[in-house]
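Only one chain is included here, represented as structure tokens and corresponding to the form predicted on its own.
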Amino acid sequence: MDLEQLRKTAAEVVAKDDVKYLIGWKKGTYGYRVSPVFIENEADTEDLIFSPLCTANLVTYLTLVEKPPLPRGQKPDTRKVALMVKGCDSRAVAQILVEKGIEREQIIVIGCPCPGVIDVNLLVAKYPEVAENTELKWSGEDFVLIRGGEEIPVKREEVLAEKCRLCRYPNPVVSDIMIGEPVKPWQTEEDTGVSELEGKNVAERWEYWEEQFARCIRCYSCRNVCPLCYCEDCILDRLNPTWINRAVNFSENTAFHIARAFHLAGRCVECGECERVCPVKIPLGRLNRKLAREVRDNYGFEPGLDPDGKPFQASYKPDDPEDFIL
């Protein structure tokens, strides 16, 4: 990634009168940490980075920040929001556009072709985190860790995020500006997590998820980080009528996660954010990818590829033979 080109392009974008701010990534306060940043002026574009540490999907800010009800008497700011996206992130943008969650003319999408990002937990396990800021760069198919003035080669397979091992769209599917050249898509690995569960019988699968959901503390991090969970009136919050109680137990936790998973069926873009932020490490990606696989295999549908397409639920085909339905 050419950071000079990125920062120059970002400065040109935020200098426009019709742009409110640009959402991107900057170095965090220590170690391998990277933080979202809202850039409102040209000078601050020097803080922007794009590296294998930029795992977070920033698209959620389009609905978290831009969609809430305005205070009484306040008029909406109709200026555009610019946003940096990786390939998986861009699918979330496309899906929100399909659902009319945000209008195309409201955003400027800066596409960043992505050779793959890391799982920070895998990186920390192999190279313990330090107090000072460090850098991680792409180097061919692998990475280079720059720490304390030392350059340490890091093998791709040792630290690559699971979502990148399975990624089919490393290049942004929707963008107004592309930074750098598209990357060559790689051979995706088998989704062993989903295959492992499919190989279990019903009782074994139930036992597996009972163990996982029993650990849930209902912090709502998975829902809050998801770029496709942006309903203003969420069924998981309703108290009248009450669909899911606030109690933290296996029964209510199961209802919570199953409701989310089915709400994301035909919508999940497999960005892995839900699993990344889970404080008790529930493998939510397996649940969501299983439903995504069923939609893909049985209906030939993948969300977030065509911003001008139709939602999965509205894409009924009269000539569908429905052979898989018993």
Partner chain sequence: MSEDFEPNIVAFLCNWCSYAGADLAGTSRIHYPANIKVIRVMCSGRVNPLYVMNALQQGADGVLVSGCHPGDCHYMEGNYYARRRLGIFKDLLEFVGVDPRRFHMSWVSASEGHKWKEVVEKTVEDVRAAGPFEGFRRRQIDW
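Positions refer to the first chain, counted from 1. Predicted model, so just to flag it, every value in this text is computed and none were measured.
Absent from the display: the form predicted in complex with its partner chain. The rest refers to it.
A.B. asks: Pick from 189, 198, 158, 176: which residue has any heavy atom within 4.5 angstroms of its partner chain in the predicted bound form?
C.D. replies: After the contact test, the surviving option is 198.
A.B. asks: If you check in the predicted bound form, do 16, 108 and 110 all have a non-hydrogen atom within 4.5 Å of its partner chain?
C.D. replies: Not one of the three qualifies.
A.B. asks: Report yes if any heavy atom of residue 320 sits within 4.5 Å of a heavy atom of its partner chain in the predicted bound form; otherwise report no.
C.D. replies: Yes - in the predicted bound form, heavy atoms of residue 320 and its partner chain come within 4.5 Å of each other.
A.B. asks: Any chance residue 53 has a heavy atom within 4.5 Å of its partner chain in the predicted bound form?
C.D. replies: Result no; residue 53 lies far from its partner chain in the predicted bound form.
A.B. asks: Would residue 125 count as a contact of its partner chain in the predicted bound form, using a 4.5 angstroms cut-off between non-hydrogen atoms?
C.D. replies: No.
A.B. asks: In the predicted bound form, does residue 252 have a heavy atom within 4.5 Å of its partner chain?
C.D. replies: So residue 252 counts as contacting its partner chain.
A.B. asks: Counting only heavy atoms and a 4.5 Å cutoff, which of 76 to 84, 252 to 260, 150 to 158, 136 to 144 contacts its partner chain in the predicted bound form?
C.D. replies: Correct option: 252 to 260.
A.B. asks: Which residues, if any, of 289 to 316 lie within 4.5 Å of its partner chain in the predicted bound form when only heavy atoms count?
C.D. replies: Residues within 4.5 Å: 290, 291, 294, 295, 298, 299, 312, 313, 314, 315, 316.
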